[in-house]
Each structure stands twice: as structure tokens, then as C-alpha cells.
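Just one chain follows, in the form predicted on its own, and it is written as C-alpha cells.
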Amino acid sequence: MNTSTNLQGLPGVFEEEVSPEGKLRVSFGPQHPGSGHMRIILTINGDIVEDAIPDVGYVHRGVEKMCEYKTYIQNIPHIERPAIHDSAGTTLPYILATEKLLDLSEKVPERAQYIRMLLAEMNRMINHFYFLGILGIFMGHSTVTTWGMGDRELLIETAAMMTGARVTFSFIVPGGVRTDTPHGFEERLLKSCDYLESRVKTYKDYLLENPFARMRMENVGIIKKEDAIAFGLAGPTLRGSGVKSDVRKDEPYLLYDTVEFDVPSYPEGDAMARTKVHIEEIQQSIAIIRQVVGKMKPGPVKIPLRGQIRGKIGDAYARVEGARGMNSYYIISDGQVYPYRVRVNTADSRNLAIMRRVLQGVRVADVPVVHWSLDYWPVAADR
């Protein structure tokens, strides 16, 4: 069988590598460390990218379809898998939507909601330190890589003390959380925050003021404010273009309306601005954690649910501000123990939309930096 004939319609496949104009078409990925589990089909002229077509689908998980064959509780572990760096931010909207179908939204204990907030903010910082670590790899800045992964490990160990797991927690459940925080957890968490707050200043001095890093990120991969809005971008990618939008502020959930925090944003819209947002958000998460620990009072942490739960007939929607931006779930229930339909919408899918435009005109060497600054995670988009 002539394979080239069957695949002839795919862009960049079995086409001439050099066009009559002397431009070169190359595959960036799907195993390149700068692309993740995806491919970007680059058309380059010299070392300038003239076109960049994202080619996704290499890690399709079938998460939405799997939800139709598992109970509401059984769905929790596999829902976390597509975005393990922010498993709490990925699971939380599913739980909030499920609680609406179970008429539990107004019954979740206060302490459970605060514990959820602690885990969500810890996970946000875990994600952001990972972001800084991988960014260091892409820039050849190995010190930032080792720093980011090391500081992330401190939070992972603290989260493991709370949940019993290091990365995918399955800790947030309908009606609250699985267990209360163990003895000494709050003290350890606050000490970790004190240390990490001092580290943030080091990142600012050593990364943001570094001439090499500034050369690689300033005025590179610019997204204008109007484009960020038109393309529906989310999270640090949106706020890096000067849009102060955050679900925790715009439509508060849990008890975020009881704590004070800022929404960092920068108008430049370049890779540096998006990096600054990540670093500033670490500081804001630390501020939120300190307030939550001060507000938490002893009490129950979940509503006991016996037997197999069944959602009422109808539908429910919930959204949260995950580490990479807004994550939302839409669930349809027909009254059975399995959801009839689950629709997942992650920030990664929306941030992918502008990749083709923002990569046009950058140098080939800058593709990994710009790509990573967009906060696109292929596994979370290939659902």
C-alpha cells in the first residue's frame, strides 16, 4: 500500500521540504523537549519562523468518554491525570459540579473549603515552580532549572503530608475532603511559605534581571491585549497581556471572597511578562495560604455519603482558576450512578489557539521559550 498517498492531505507530511521560494518545512516535535507531546510544523526562512501549525493528538486520553463508564467517585483519579502538575485545580471544578447535582454545594463544611483552598494554592505554586524549571531548560539556564525543581519538591513533600500522595492526590471528594490535616501540618506549611517567599526574591534578582534572560524573553512572543481577549486566552497567558481576569475574583468559589489577594498582570504581552506573572502569583498564593491558616477553625471536613451516589436528573457547570487558567466542567446526569456526559474545558485548549500567530516571526531558537510561556500542556488538551 502506498502510505504517502493515504497521508498526502496532512500538512507537512510527504510534502517537499524545500519550497520553490527556498523556505524549509520542519517538524518541531513530537518528542522535542520544547514541544512536549505534540508537534509543531514550522515553515522557516533562514532562522525566522514564517508559519507554525500545531499538530496535537499524540497523547489523547479519552477522559470525557471514560467518565461515562465510571461512577462519580471512580472518575476522580483519572480526571487528575491529564494535568498532574495542577491535579487539585483540575479535579476541583469536577467536584463542584458534582456537588450541584447532589445538592451539596451549600452544605460543604467551612473547614473543608479552606483545606481545598490550601491544596489548590499549593498546587498552583507547584505548577509555577515547574514552569520556571522547564523555562530554565529551554533557555540553557541550568541554575534556574535546579532551583525550580528543588523548591517544587518542598511543596510536594508538604502536600504529601496532607494527602498521602505526592502529585495526584484524589483528596478533594464530593462533600469535602478525604481527611483532616495531620498534626503539625499548618506549622510546616507556614515554614515552607516563609522559605519560598525568600526564594521568590532570588528568582527575581537572578532571572528577571539577568541580561541573558531579558534578551531571550523581552519583546519576544508578544500577544496584544485585544488579541488575548479575542482568542479567549486564560490564566497567566491572559494576564501577561494586561488583562486582570481571575475566576477567584470574577466569580468567587469556595471561600476566596474571604481572603485578600492581588491579580498580577503586565501590559507588555511578551514571554517576560508571562514569566513575571507566574513569579508574582507564587507570592499571592503564599499570602492566601497564610490568611487561610489563620481563619481555619476545628470542625468536620466532609459530609458522609453512603452507598453509590446518584446525581439528580439535570446538568451542572462549575469553573475555577487553575494554575494555567480557567478550568471548567459541564456534567449531564440522567439519575444514574454514572454521568451521562462530561465535558471538560481547560485553559490549555484556549491558550493553544494563539500559538500559530504568536510564533510567526520569532527565531527558531526562541520557539521553545515562547511555546512554554503560553502555558500550554498537551496532555490536558488531548482529553
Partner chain sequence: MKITEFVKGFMISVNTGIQHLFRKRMTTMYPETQNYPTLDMYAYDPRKGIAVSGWRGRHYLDMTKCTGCQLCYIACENISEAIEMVPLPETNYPQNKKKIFPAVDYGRCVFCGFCVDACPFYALYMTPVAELSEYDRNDLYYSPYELSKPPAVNPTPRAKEKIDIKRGVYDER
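All values reported here derive from a predicted model rather than from experimental measurement. Residue numbers count along the first chain shown, from 1.
Below, we refer to the form predicted in complex with the partner chain, which is not included among the displayed structures.
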query: Sole residue of Ser170, Gln113, Gln284, Gln291 within 4.5 Å of the partner chain in the predicted bound form, by heavy atom; finding: Ser170
query: Interface residue in the predicted bound form among Leu255, Ala230, Ile313, Ile73, criterion: non-hydrogen atom within 4.5 angstroms of the partner chain; finding: Ile73
query: Contact segment among 255-263, 126-134, 186-194, 236-244, judged by heavy atoms lying within 4.5 Å of the partner chain in the predicted bound form; finding: 186-194
query: Partner contact for Arg306 in the predicted bound form: the partner chain, 4.5 angstroms, heavy atom; finding: yes
query: The partner chain contact in the predicted bound form: Leu92, any heavy atom under 4.5 Å; finding: no
query: Exercise: Gly140 in contact with the partner chain in the predicted bound form, heavy atom 4.5 Å; finding: no
query: Contact flag, Arg199 vs the partner chain in the predicted bound form, heavy atom cut 4.5 Å; finding: yes
query: Asn345, Asp348 and Val367 all contacting the partner chain in the predicted bound form, non-hydrogen atom within 4.5 Å; finding: no
query: Residues of stretch 191-221 in contact with the partner chain in the predicted bound form (4.5 Å, non-hydrogen atom); finding: Lys191, Ser192, Asp194, Tyr195, Ser198, Arg199, Thr202, Asp205, Tyr206, Glu209, Asn210, Pro211, Phe212, Arg214, Met215
